[in-house]
Every structure is written in C-alpha cells, then in structure tokens.
Ligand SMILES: C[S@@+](CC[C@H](N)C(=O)[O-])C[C@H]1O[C@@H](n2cnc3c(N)ncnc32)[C@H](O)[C@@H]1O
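Given next, in structure tokens, is a single chain: the form predicted alone.
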Amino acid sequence: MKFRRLNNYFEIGVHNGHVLFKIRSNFKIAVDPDFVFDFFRKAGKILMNPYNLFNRYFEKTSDDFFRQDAERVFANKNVQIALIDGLHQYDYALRDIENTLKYLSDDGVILVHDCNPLSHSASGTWQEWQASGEKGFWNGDVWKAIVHLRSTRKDINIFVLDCDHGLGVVTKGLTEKPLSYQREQIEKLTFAELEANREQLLNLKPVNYFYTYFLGK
C-alpha cells in the first residue's frame, strides 16, 4: 500500500485531546462521552494550532454518535484516518471498528490502541482491573476484536505494531494470513493463549513494518 497524505480525521475516546489537538486538518471529528477539557483549553489549542478552530465535538458514546450523527457528519467527507481508543472491551471496540469502516475512504487507515496487553491483569475487563487493585495501564480485551475481524472479514487487512501497548492498523484490502475462529471460540480465548500465540493471533509486526507497508520500502 502506497502512502498518501490523509486529512479527514476521526477520533473515538478523545479524553483530554492529547492526540486530537496536534492533528493538522480542518476536518476533525471528536467523540467521547466525557471530554476532559473546557472552553479555555480549546481556545488555547486553537492559538497553538489554528486547525483546531474547525474541530467538531460530540460528547456522547460512540454507539450514539453512529446511530444519531455519523451519516450526516460523513455525508460529504469520508474518514481518511481514524483513532479508536474508546472503551477497551471486545464488543465495544469491535463495533467502533466496524462502524468506522462504513465511512472509511478506500485508502483510509484505522488505528486501534491497546491491542497487545502484556499482563494478565491488564487484559481483563474494567471491573476485573478495578477489583485487582493494579496500577498502571489497563488495555482490556481489545485484542479479541482484532482476532474477530481477522477471522470474519476478508475485505480488510489488519496487523498490530509492537509498540505503545499494541497499535492495531486496519486498511481496506485482502486479508493477510486470515484466521478461522468462531465467535464462541474468541470469547473463550485466554490471556495465556494470547501470550503463547501473539504473532499469529495479532499478526504482530515490528514498528518499522509501518514504513514498509505504507511507503513500500
């Protein structure tokens, strides 16, 4: 896949806008049920990056956004690059990816955070994470959404970069090394099985594969 400049940006799970506010695009759609910034922070970010003047904010769940707003918002502009970093659970992440794919341009890219948890506690549900008393990063079971899509969608290609808790990359095109898991099997997959088969389950790639894939080097 050859790289080209991608502009139309969509982000689910914006939180404090750490990524959103840095993007240089006059079409940025932000979705989060609880933005952690106010008018003054937004104003300051406009001064730092004038592109933020055009941001559109939807303070609601991604499910509500896709049900109520997406068709209108993306009527004239497809998503070219998306970051999905919402609730880190299998079903939620799966819906976010599949819903975003409906509006993704043919050369677009979806990035999915938290696809490669490195500990059993980080890979559980939010309730389990809270009950464990662990500190640090909670990744959830987003990785199961990757396995699901690699097993059920032959029209997209997915790999996970081995960086930043696992950065999933989704593009349109033929599936590389497809899997054949059924939903019931995916739901029963354990962290131990992920630990033993990361490369196969996630199509795990080294960081520099990003350049190989998009620049063809």
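Note that residue numbering follows the sequence shown and begins at 1. It should be emphasised that the depicted structure is a prediction, and the values quoted were computed from it without experimental measurement.
Not on display, but discussed next: the form predicted in complex with the ligand.
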item	value
Location of the ligand contact in the predicted bound form, chosen stretch of 148-156, 58-66, 166-174, 179-187 [non-hydrogen atom, 4.5 Å]	58-66
Whether I29, E71 and V79 all lie within 4.5 angstroms of the ligand in the predicted bound form by heavy atom	no
Any non-hydrogen atom of Y90 within 4.5 angstroms of the ligand in the predicted bound form	no
Touches the ligand in the predicted bound form: D38 (any heavy atom, 4.5 Å)	no
Contact flag, N197 vs the ligand in the predicted bound form, heavy atom cut 4.5 Å	no
Distance check, V14 to the ligand in the predicted bound form, heavy atom within 4.5 Å	yes
Proximity to the ligand in the predicted bound form, single hit among L101, A122, L83, L94 (heavy atom within 4.5 Å)	L83
In the predicted bound form: members of 111-130 within 4.5 Å of the ligand, any heavy atom	none
